[in-house]
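Given next, in C-alpha coordinates, is a single chain: the form predicted alone.
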(Lines give C-alpha, C1' and ligand atoms only; values in the text may rest on other atoms or scores of the structure.)
Protein backbone atom coordinates (compact mmCIF):
# COMPACT_ATOMS: atom_id res chain seq x y z
CA UNK A 1 0.00 0.00 0.00
CA UNK A 2 1.28 3.47 -0.90
CA UNK A 3 1.96 5.35 2.35
CA UNK A 4 3.12 8.58 0.71
CA UNK A 5 0.86 11.57 1.37
CA UNK A 6 -1.17 12.71 -1.62
CA UNK A 7 -0.59 16.13 -3.10
CA UNK A 8 -3.55 18.44 -2.37
CA UNK A 9 -5.64 19.63 -5.29
CA UNK A 10 -4.73 23.08 -6.70
CA UNK A 11 -7.37 24.97 -4.68
CA UNK A 12 -7.57 22.63 -1.70
CA UNK A 13 -6.69 24.26 1.65
CA UNK A 14 -4.43 22.37 4.02
CA UNK A 15 -3.05 23.68 7.30
CA UNK A 16 0.57 23.64 6.11
CA UNK A 17 -0.28 25.18 2.75
CA UNK A 18 -2.36 28.04 4.20
CA UNK A 19 0.11 28.85 6.98
CA UNK A 20 3.00 28.82 4.53
CA UNK A 21 1.29 31.03 1.98
CA UNK A 22 0.05 33.70 4.38
CA UNK A 23 3.25 33.86 6.42
CA UNK A 24 5.17 34.49 3.17
CA UNK A 25 2.84 37.09 1.63
CA UNK A 26 1.95 38.95 4.85
CA UNK A 27 4.13 42.04 4.16
CA UNK A 28 2.41 42.69 0.79
CA UNK A 29 -1.03 41.35 1.61
CA UNK A 30 -2.74 44.72 2.16
CA UNK A 31 -1.27 46.24 -1.00
CA UNK A 32 -2.32 43.21 -3.03
CA UNK A 33 -5.91 43.42 -1.71
CA UNK A 34 -6.22 47.09 -2.58
CA UNK A 35 -4.76 46.71 -6.07
CA UNK A 36 -6.49 43.47 -7.03
CA UNK A 37 -9.93 44.68 -5.93
CA UNK A 38 -9.44 48.20 -7.31
CA UNK A 39 -10.12 49.48 -3.80
CA UNK A 40 -13.48 47.71 -3.54
CA UNK A 41 -12.31 45.61 -0.60
CA UNK A 42 -12.92 48.54 1.77
CA UNK A 43 -16.55 48.86 0.61
CA UNK A 44 -17.08 45.11 0.98
CA UNK A 45 -15.88 45.17 4.58
CA UNK A 46 -18.11 48.14 5.38
CA UNK A 47 -21.09 46.25 3.95
CA UNK A 48 -20.26 43.25 6.14
CA UNK A 49 -20.20 45.43 9.25
CA UNK A 50 -23.56 46.99 8.34
CA UNK A 51 -25.11 43.56 7.86
CA UNK A 52 -23.64 42.38 11.18
CA UNK A 53 -25.66 45.12 12.94
CA UNK A 54 -23.39 45.44 15.98
CA UNK A 55 -24.73 47.10 19.13
CA UNK A 56 -22.69 49.16 21.61
CA UNK A 57 -22.75 46.32 24.16
CA UNK A 58 -21.76 43.52 21.74
CA UNK A 59 -18.75 41.22 21.96
CA UNK A 60 -17.37 40.39 18.50
CA UNK A 61 -15.00 37.60 17.47
CA UNK A 62 -13.19 38.16 14.15
CA UNK A 63 -11.82 34.89 12.74
CA UNK A 64 -9.05 34.52 10.15
CA UNK A 65 -8.56 38.24 10.70
CA UNK A 66 -5.25 38.40 8.86
CA UNK A 67 -3.84 41.91 8.98
CA UNK A 68 -6.90 43.19 10.83
CA UNK A 69 -8.79 45.16 8.20
CA UNK A 70 -12.21 43.76 9.07
CA UNK A 71 -11.42 44.07 12.78
CA UNK A 72 -10.57 47.74 12.27
CA UNK A 73 -13.66 48.38 10.15
CA UNK A 74 -15.83 46.77 12.82
CA UNK A 75 -14.25 48.87 15.57
CA UNK A 76 -14.42 52.14 13.61
CA UNK A 77 -17.85 51.82 12.03
CA UNK A 78 -19.68 49.26 14.18
CA UNK A 79 -18.37 50.46 17.55
CA UNK A 80 -19.13 47.34 19.62
CA UNK A 81 -17.84 47.10 23.17
CA UNK A 82 -15.18 44.49 22.33
CA UNK A 83 -13.51 42.90 19.31
CA UNK A 84 -11.17 39.91 19.52
CA UNK A 85 -9.05 39.68 16.37
CA UNK A 86 -7.77 36.16 15.72
CA UNK A 87 -5.79 34.22 13.13
CA UNK A 88 -3.60 31.12 13.12
CA UNK A 89 -0.81 32.88 11.18
CA UNK A 90 1.14 35.03 13.68
CA UNK A 91 2.90 36.99 10.92
CA UNK A 92 -0.44 38.33 9.71
CA UNK A 93 -1.66 39.21 13.21
CA UNK A 94 1.50 41.18 13.98
CA UNK A 95 0.72 43.54 11.11
CA UNK A 96 -2.81 43.89 12.48
CA UNK A 97 -1.46 44.77 15.91
CA UNK A 98 0.64 47.58 14.42
CA UNK A 99 -2.35 49.00 12.54
CA UNK A 100 -4.70 48.82 15.53
CA UNK A 101 -2.15 50.64 17.69
CA UNK A 102 -3.14 53.81 15.79
CA UNK A 103 -6.87 53.16 16.17
CA UNK A 104 -8.92 55.52 18.31
CA UNK A 105 -12.46 54.75 19.39
CA UNK A 106 -14.71 53.20 22.01
CA UNK A 107 -14.15 49.54 21.09
CA UNK A 108 -11.66 47.49 23.06
CA UNK A 109 -9.57 45.43 20.59
CA UNK A 110 -7.45 42.43 21.53
CA UNK A 111 -5.51 39.80 19.53
CA UNK A 112 -4.99 36.07 19.86
CA UNK A 113 -3.52 33.26 17.76
CA UNK A 114 -6.52 30.95 17.30
CA UNK A 115 -7.47 28.12 14.97
CA UNK A 116 -10.95 28.92 13.65
CA UNK A 117 -11.74 25.21 13.53
CA UNK A 118 -11.10 24.66 17.27
CA UNK A 119 -12.12 27.72 19.27
CA UNK A 120 -10.79 28.00 22.85
CA UNK A 121 -13.86 29.83 24.17
CA UNK A 122 -16.81 28.91 26.36
CA UNK A 123 -20.26 28.34 24.91
CA UNK A 124 -22.36 31.45 24.21
CA UNK A 125 -19.49 33.93 24.56
CA UNK A 126 -19.99 36.26 21.58
CA UNK A 127 -22.88 38.20 20.04
CA UNK A 128 -21.28 38.32 16.58
CA UNK A 129 -18.63 36.27 14.83
CA UNK A 130 -17.15 37.57 11.58
CA UNK A 131 -14.76 36.22 8.98
CA UNK A 132 -13.49 38.10 5.94
CA UNK A 133 -12.06 36.07 3.05
CA UNK A 134 -10.99 33.29 5.38
CA UNK A 135 -13.61 30.55 5.26
CA UNK A 136 -12.43 29.21 1.93
CA UNK A 137 -8.94 28.69 3.42
CA UNK A 138 -10.20 26.42 6.21
CA UNK A 139 -9.47 22.71 5.68
CA UNK A 140 -12.60 21.83 7.69
CA UNK A 141 -15.45 24.30 7.20
CA UNK A 142 -17.86 21.99 9.01
CA UNK A 143 -15.76 22.14 12.18
CA UNK A 144 -15.64 25.93 11.92
CA UNK A 145 -19.40 26.24 11.51
CA UNK A 146 -20.00 23.90 14.46
CA UNK A 147 -17.58 25.84 16.68
CA UNK A 148 -18.99 29.23 15.73
CA UNK A 149 -22.52 28.02 16.45
CA UNK A 150 -21.32 26.86 19.87
CA UNK A 151 -19.62 30.13 20.92
CA UNK A 152 -22.42 32.39 19.69
CA UNK A 153 -25.09 33.53 22.11
CA UNK A 154 -28.70 32.63 21.22
CA UNK A 155 -29.75 34.94 18.41
CA UNK A 156 -26.11 35.72 17.61
CA UNK A 157 -24.94 36.16 14.02
CA UNK A 158 -22.14 34.62 11.98
CA UNK A 159 -21.20 37.06 9.20
CA UNK A 160 -19.14 35.59 6.35
CA UNK A 161 -17.62 37.90 3.74
CA UNK A 162 -16.17 35.76 0.97
CA UNK A 163 -15.50 35.61 -2.74
CA UNK A 164 -18.43 33.96 -4.46
CA UNK A 165 -19.99 33.11 -7.82
CA UNK A 166 -21.41 35.88 -10.02
CA UNK A 167 -24.85 34.67 -11.19
CA UNK A 168 -24.67 36.35 -14.65
CA UNK A 169 -22.74 33.87 -16.81
CA UNK A 170 -21.02 36.33 -19.22
CA UNK A 171 -19.77 38.41 -16.30
CA UNK A 172 -18.73 35.25 -14.44
CA UNK A 173 -16.63 34.17 -17.42
CA UNK A 174 -14.91 37.56 -17.51
CA UNK A 175 -14.30 37.43 -13.76
CA UNK A 176 -12.82 33.93 -13.95
CA UNK A 177 -10.48 35.09 -16.72
CA UNK A 178 -9.35 37.92 -14.43
CA UNK A 179 -8.78 35.44 -11.59
CA UNK A 180 -6.70 33.10 -13.74
CA UNK A 181 -4.54 35.75 -15.39
CA UNK A 182 -4.35 39.05 -13.49
CA UNK A 183 -4.42 37.76 -9.89
CA UNK A 184 -1.40 35.40 -10.15
CA UNK A 185 0.53 37.93 -12.24
CA UNK A 186 -0.12 40.80 -9.81
CA UNK A 187 0.54 38.71 -6.72
CA UNK A 188 3.71 37.29 -8.24
CA UNK A 189 4.98 40.76 -9.13
CA UNK A 190 4.40 42.05 -5.59
CA UNK A 191 5.76 39.06 -3.68
CA UNK A 192 7.79 36.98 -6.16
CA UNK A 193 5.60 34.09 -5.07
CA UNK A 194 3.23 33.47 -7.98
CA UNK A 195 2.46 29.92 -6.82
CA UNK A 196 0.70 31.21 -3.70
CA UNK A 197 -1.61 33.34 -5.81
CA UNK A 198 -2.29 30.47 -8.19
CA UNK A 199 -3.62 28.65 -5.10
CA UNK A 200 -5.72 31.66 -4.02
CA UNK A 201 -7.25 31.84 -7.50
CA UNK A 202 -8.04 28.11 -7.50
CA UNK A 203 -9.49 28.30 -3.97
CA UNK A 204 -11.99 30.92 -5.13
CA UNK A 205 -13.04 28.81 -8.11
CA UNK A 206 -13.45 25.73 -5.88
CA UNK A 207 -15.55 27.50 -3.22
CA UNK A 208 -19.29 26.69 -2.98
CA UNK A 209 -21.93 28.89 -4.55
CA UNK A 210 -24.01 31.22 -2.40
CA UNK A 211 -26.85 28.69 -2.15
CA UNK A 212 -24.52 25.77 -1.38
CA UNK A 213 -22.74 27.69 1.38
CA UNK A 214 -26.11 28.62 2.89
CA UNK A 215 -27.06 24.93 2.88
CA UNK A 216 -23.85 24.06 4.77
CA UNK A 217 -24.67 26.67 7.41
CA UNK A 218 -28.22 25.37 7.80
CA UNK A 219 -26.82 21.86 8.21
CA UNK A 220 -24.58 23.16 11.01
CA UNK A 221 -27.65 24.20 12.99
CA UNK A 222 -28.14 27.87 12.14
CA UNK A 223 -31.82 28.76 12.18
CA UNK A 224 -31.75 31.42 9.47
CA UNK A 225 -29.26 32.07 6.67
CA UNK A 226 -29.45 34.97 4.23
CA UNK A 227 -26.92 36.44 1.83
CA UNK A 228 -26.34 39.58 -0.18
CA UNK A 229 -24.30 39.74 -3.37
CA UNK A 230 -21.86 42.62 -3.75
CA UNK A 231 -20.26 43.86 -7.00
CA UNK A 232 -22.40 41.57 -9.18
CA UNK A 233 -21.69 38.56 -6.98
CA UNK A 234 -17.88 38.72 -7.00
CA UNK A 235 -18.29 38.57 -3.25
CA UNK A 236 -21.22 37.74 -1.00
CA UNK A 237 -22.03 38.37 2.64
CA UNK A 238 -23.81 35.50 4.37
CA UNK A 239 -25.49 36.14 7.72
CA UNK A 240 -26.31 32.99 9.69
CA UNK A 241 -28.38 33.36 12.88
CA UNK A 242 -28.11 30.92 15.77
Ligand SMILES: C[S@@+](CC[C@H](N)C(=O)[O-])C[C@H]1O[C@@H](n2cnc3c(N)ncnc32)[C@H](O)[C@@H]1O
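Worth saying up front: this structure is predicted, and the values here are computed from it rather than measured. Positions refer to the first chain, counted from 1.
One more form of this protein should be noted, the form predicted together with this ligand, which is absent from this view; the next part is about it.
S.K.: Residue-level question: is residue 222 within 4.5 Å of this ligand in the predicted complex, judged on heavy atoms?
M.R.: Close contact is absent here: in the predicted complex, residue 222 is far from this ligand, nothing within 4.5 Å, heavy atoms only.
S.K.: I'd like to know whether residue 29 contacts this ligand in the predicted complex, with contact meaning heavy atoms within 4.5 angstroms.
M.R.: Residue 29 belongs to the contact set for this ligand.
S.K.: Taking this ligand as it sits in the predicted complex, is residue 145 near enough to touch it, meaning that at least one heavy atom pair lies within 4.5 angstroms?
M.R.: No, residue 145 stays farther than 4.5 Å from this ligand in the predicted complex.
S.K.: Taking 4.5 angstroms as the cut-off for heavy atoms, does residue 22 touch this ligand in the predicted complex?
M.R.: Yes, residue 22 is a contact residue.
S.K.: Verify the flagged residues 33, 133 and 137 against this ligand in the predicted complex: is each one within 4.5 Å by a non-hydrogen atom?
M.R.: Affirmative, all three are within 4.5 Å.
S.K.: Identify which of 159, 152, 100, 92 has a heavy atom within 4.5 Å of this ligand in the predicted complex; exactly one of them does.
M.R.: Here the answer is residue option 92.
S.K.: Considering this ligand in the predicted complex, find the one stretch among 63 to 71, 171 to 179, 211 to 219, 187 to 195 with heavy atoms no farther than 4.5 Å from it.
M.R.: Single hit among the candidates: 63 to 71.
S.K.: So which bits of 98 to 116 sit within 4.5 Å of this ligand in the predicted complex, heavy atoms only?
M.R.: The stretch touches the partner through 114, 115, 116.
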